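In the block that follows, a single chain appears as structure tokens, in the form predicted alone.
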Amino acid sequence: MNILASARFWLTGPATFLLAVIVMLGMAIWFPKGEAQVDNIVLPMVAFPLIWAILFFYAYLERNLKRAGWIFLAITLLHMVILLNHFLGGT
């Protein structure tokens, strides 16, 4: 297996799943609560397969894996900042 296939495997496999989980967790913070105060919890869980599918097909079909990796890293850092800000006493 060459290095490109190995990188694509790690980007479309474990990295996509972990990023989808991080986006789902971050989405629970920035998504509006709704009238019943549960929309921000239910909708990210319902949207998880869609989030995963979008990230998977992007990583699989992207020709420039370096750019895909940087985009995944940026999304991960953004949602990690949101999560850390929320859990460490932010708003």
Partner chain sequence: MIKLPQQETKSLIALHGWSAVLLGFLLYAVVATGTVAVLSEEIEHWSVGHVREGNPLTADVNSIVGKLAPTVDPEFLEEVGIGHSARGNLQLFFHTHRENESGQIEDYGVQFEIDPTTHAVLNERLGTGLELFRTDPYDALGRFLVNIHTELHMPRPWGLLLTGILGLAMLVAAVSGFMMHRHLFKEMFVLRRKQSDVLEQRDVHTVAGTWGLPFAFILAFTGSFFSFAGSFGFPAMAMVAFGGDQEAMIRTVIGVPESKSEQQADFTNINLIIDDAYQRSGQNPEFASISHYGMDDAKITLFLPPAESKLAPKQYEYSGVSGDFIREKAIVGTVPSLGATAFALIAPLHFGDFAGLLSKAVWVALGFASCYVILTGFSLWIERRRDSHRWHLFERFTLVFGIGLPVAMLASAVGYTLSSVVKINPNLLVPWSFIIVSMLCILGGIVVRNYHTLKIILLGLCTIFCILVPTLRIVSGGPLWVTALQQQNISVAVIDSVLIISAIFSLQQLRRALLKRKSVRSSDTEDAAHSKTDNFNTESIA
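In this text the structure is predicted, and so the values were computed from the model without any measurement. Residue numbers count along the first chain shown, from 1.
Keep in mind the form predicted in complex with its partner chain is missing from the figure; the text below concerns it.
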Heavy atom of F17 within 4.5 Å of its partner chain in the model of the complex:
yes
Interface membership of L77, its partner chain in the model of the complex, 4.5 Å heavy atom rule
no
So, L65 and its partner chain: in the model of the complex, are they within 4.5 Å at any heavy atom pair?
no
Looking at the partner-bound form in the model of the complex, is V21 within 4.5 Å of its partner chain by any heavy atom?
yes
Contact set, 44 to 61 vs its partner chain in the model of the complex - heavy atom within 4.5 angstroms:
P44, M45, V46, F48, P49, L50, W52, A53, F56, F57, Y60, L61
